[in-house]
Structures are given as C-alpha cells and as structure tokens.
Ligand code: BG6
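Just one chain follows, in the form predicted on its own, and it is written as structure tokens.
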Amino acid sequence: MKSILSENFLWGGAVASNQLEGAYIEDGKGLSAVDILPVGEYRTQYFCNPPSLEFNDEFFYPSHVAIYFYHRYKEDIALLAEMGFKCFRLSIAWSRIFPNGDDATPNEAGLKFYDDVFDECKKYGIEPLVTIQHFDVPLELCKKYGGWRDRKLIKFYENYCKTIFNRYKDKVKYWLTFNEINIILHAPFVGGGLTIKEDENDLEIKYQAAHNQLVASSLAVKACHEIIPDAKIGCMLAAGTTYPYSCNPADVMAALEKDRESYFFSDVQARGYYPSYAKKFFEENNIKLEMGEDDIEILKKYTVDFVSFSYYSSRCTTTDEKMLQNLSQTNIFHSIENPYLEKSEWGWAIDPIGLRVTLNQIYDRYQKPLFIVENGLGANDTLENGEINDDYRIKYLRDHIEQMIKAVNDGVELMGYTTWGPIDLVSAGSGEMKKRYGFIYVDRDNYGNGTLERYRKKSFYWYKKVIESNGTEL
C-alpha cells in the first residue's frame, strides 16, 4: 500500500541536551538553569520559581550526568540509525557554546562537540533538527540580568544564533528558535530564567520576557535566512487543544480563551503581529510592555517558515467553580479530568483524536507547514532478562500516528514526526529516570544508580517497521 505521507517525510525522535548529555561542567561548559533543578519533591518549585540559584548539598541533580550522551553519542546515534531515523531533533546547550551567555568569544570545545554529533548524524543520513534554546538559559544570565525579563538577552541570543548558524551552516538545515515557548507562562524559571518576587506583577514580567523572546526569535529567523539561505526555521509550541467540559457557552468561551493563551505565541511568530485579543488582555491586566522602536517591524518582517509543536494530550476546562477545585495536571498544564479519556501512569490524559484536532486547528490558523516534534508516553518500564515488552507504548504511538495520518488526509501539510524521546532520558517535569519514553532502555535510576547500558525495547523494532513502511505498517 502506498503511503499518504511524502517520500521525504522526516521520521525520527527528539531529545534535549540538558536531559541526556550530562558532562554539565566538562570542557568549559557553564551552568544552565536546568542544572540546579533537583529530583524529588522540590523540583516543581525550582521549575517555576526557585528559592535559590545555588546548589543544595541535600539534593540530587539528574542533569549533571543524565545518560552521558556527551560521551556515548556515537553508540546512541548508531542505535537511532538502526531504527532508520530520517531526522534527529536535538538541542544545543547555550552554556556549552557561551558558558556565561554573554561571553565575548565562544567555547571551541563546545562547538566541536556538536560538529562531531552532526558529523555522526550525516554518516547515517540523518537530518539534525536543532532547537536553539531548550529550557536551558545560562545560569549567569539568570543571576546577572534576571533572565529574559532583560532586553539585553535579545542581543546575547542573537550573537549565539549567528555563531551556531555560521559554524553549522553546512550541517544543519532545520532549526527551532525556542522549545515550547508558551511554557514561560506556566514555568517561568525553566522557560525564561525568571525568578519573580511576591510584590511584583508576575504577569507583566512573564509577558515582558515573552516579548523579548519573540523579538529574539524573529531576529534568529532573519539571521538564519541570511547565513543559511536554504535552511528552514520554525517556532515550537506546547500544544494540545482545550475542550469545553460541557456545551454551556461559558465553558466554550473558557476553552477558547485557554487556547488563545498558548496560540498567542505562535500567532506572533507565524503571523507577525500581536493579536487584538492579546492587546485587550494586556490592557485589562495592567501589563505594560517595554518595546524597542523597531520591535513591531522586526516581528512583522521575520516570521517563521513552519510551526512545530509537542503533543502529549488534550486539555479540558470549565467555569464550574467546584470542578475547578479538583484540577489534574496534564504535562505542566492544569486541566479538568476528561471522563472520556484514559490516563497514563503519571495522570496525563491519552487522546489520539486530540492530535488530529490540534493539527487541523493549527493548520487552519496559519496555513504553514507543521511538524510534530514531540509525542510519546512516559511509563515505568520493566527490564527482564535484557528485554522490555512495552506494548502500551506501541499502542499509544500507533493510535497517535493513525490520527496524524488522518490529519494529513484532511489536508494538513506535515513535514515530519519525532517522538519524545527515542532513548530514555531525564524527565523534564519530574527529573525522574523511571518515567521512561524511549525505544532504548538506559540502565539508570532516579538517583544515579545503574550501569548506563542500553537495551532495545520491543517498541524499537516496531518503530523501525513504521519508518521502513513510511507509516503503512503500524
């Protein structure tokens, strides 16, 4: 059977430097915001608004070693190639290139590491898709400038972008400016390196930082097109449509407003201007943004080539005050429990049809190519005699890929699909290793015990067939 997907459809997987590289201060790397996130009960507090930007001897920091991709990347990329990957989404650690974020010159050892990684990908015909900032603002920028609340970070980021574009212009064709840029509203520290005091206007600070990131994103698009004319550069959103809990018109309106909260970011990046609903929101919440005289023109002139997003589940909302007292957590988002959906071990709603809905909504909104760059199931896998039978993961991915293909049949233009994450790595939200997403099992627990050996799961062989058949064998 002929596949409905294009012959050059980019199948693969997605990771982040801070969740798998380790080597957190090796070869001149500086600290990033993620490096001070502990595993355990305090992680959520640090994720959102840490009480301190220093290490605590009582905590274990999983990013410091992670799965040691920094020293085992050849072995890991060979495993991805064995599955037939066409694309590998990864991020560059800003503080590996500029240890303090605002350094005058880049760290050559950091630049060379990614040269080597991209060369290894090229050896197997794998296209890198590179995220420029993935939850890892250099820690010194957080301490010195307060993170993205300061406009100075626009120039530092632009310099970083130009450095990596010039260095890797012959090796990387696909780029993303910021990972899940809308997360800054929900986890301002990892999203923007922000720490916010009780007496500050937290909404104003978050949207000021968001504005600075949006301008920086546009300047990255400008630089990318100038330095690598044949490259494609996109934005990246934490997506998932919001359903009204009932057909009460008030619930429908509440769901629309929740979706706008996220789509605001891609509206600016894909359309090039602040939507009227955002301006009204700023007015009603006493949000006054500091803008440079050229900001509006920059946003308008340098829009993204494509829109990428993560999708793990849909969300649900209501205006019923009693129900709002019992919110569940879906990823970093809070949601009313949807009675029609099953949940993962970590309480995330499982909604494959929601992926088709989300694809259609975003494509209708922008009419630009889309790219699913994260989708996966976190589960507590069991290693028995060197084998992992993760049929639950296969079912989750099969169901979502089926709906993805239906969306393409609906008319959605889709560039590719990269699962999160193809090899077990540190969970961003919980810091756990036992919350596993991969096709490849890594022997390591939440507190750093284990051999770090890699094992192919049952899903490894299943995904290989999916790629080989271009989605016709699920």
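We number the residues from 1 along the sequence you see. Since the model is a prediction, treat every value here as computed from it, not as a measurement.
The following text describes the form predicted together with the ligand, which does not appear among the structures shown.
* Answer with one of Tyr243, Phe189, Tyr157, Tyr312: the residue that has a non-hydrogen atom within 4.5 Å of the ligand in the model of the complex. => After the contact test, the surviving option is Tyr312.
* Check each of Arg96, Arg149, Arg393, His134 and return the one that places a heavy atom within 4.5 angstroms of the ligand in the model of the complex. => None of the other options qualify; the answer is His134.
* To do: Please name which of the stretches 434 to 442, 404 to 412, 50 to 58, 64 to 72 has residues with heavy atoms lying within 4.5 Å of the ligand in the model of the complex.
  => Only one stretch qualifies here: 434 to 442.
* **Contact at Gln213, Tyr263 and Tyr273 by the ligand in the model of the complex, all three, heavy atom at most 4.5 Å** => Spot residues vs the ligand: no contact at all.
* To do: Considering only heavy atoms, tell me if Tyr417 and the ligand come within 4.5 Å of each other in the model of the complex.
  => Tyr417 lies outside the contact set for the ligand.
* Although the ligand is absent from this view, report whether Pro38 comes within 4.5 Å of it in the model of the complex, heavy atoms only. => Because no heavy atom of Pro38 falls inside 4.5 Å of the ligand in the model of the complex, the answer is no.
* Asked: If you check in the model of the complex, is Glu374 within 4.5 Å of the ligand, heavy atoms only?
  -> So Glu374 counts as contacting the ligand.
* **4.5 angstroms heavy atom contact with the ligand in the model of the complex for Glu180** => Residue-level check for Glu180: yes, a contact with the ligand.
* If we check the ligand in the model of the complex, which of the residues in 424 to 458 reach within 4.5 angstroms of it by a non-hydrogen atom? -> The stretch 424 to 458, when checked against the ligand in the model of the complex, contributes Ser427, Ala428, Gly429, Ser430, Lys435, Tyr437 at the 4.5 Å heavy-atom cut-off.
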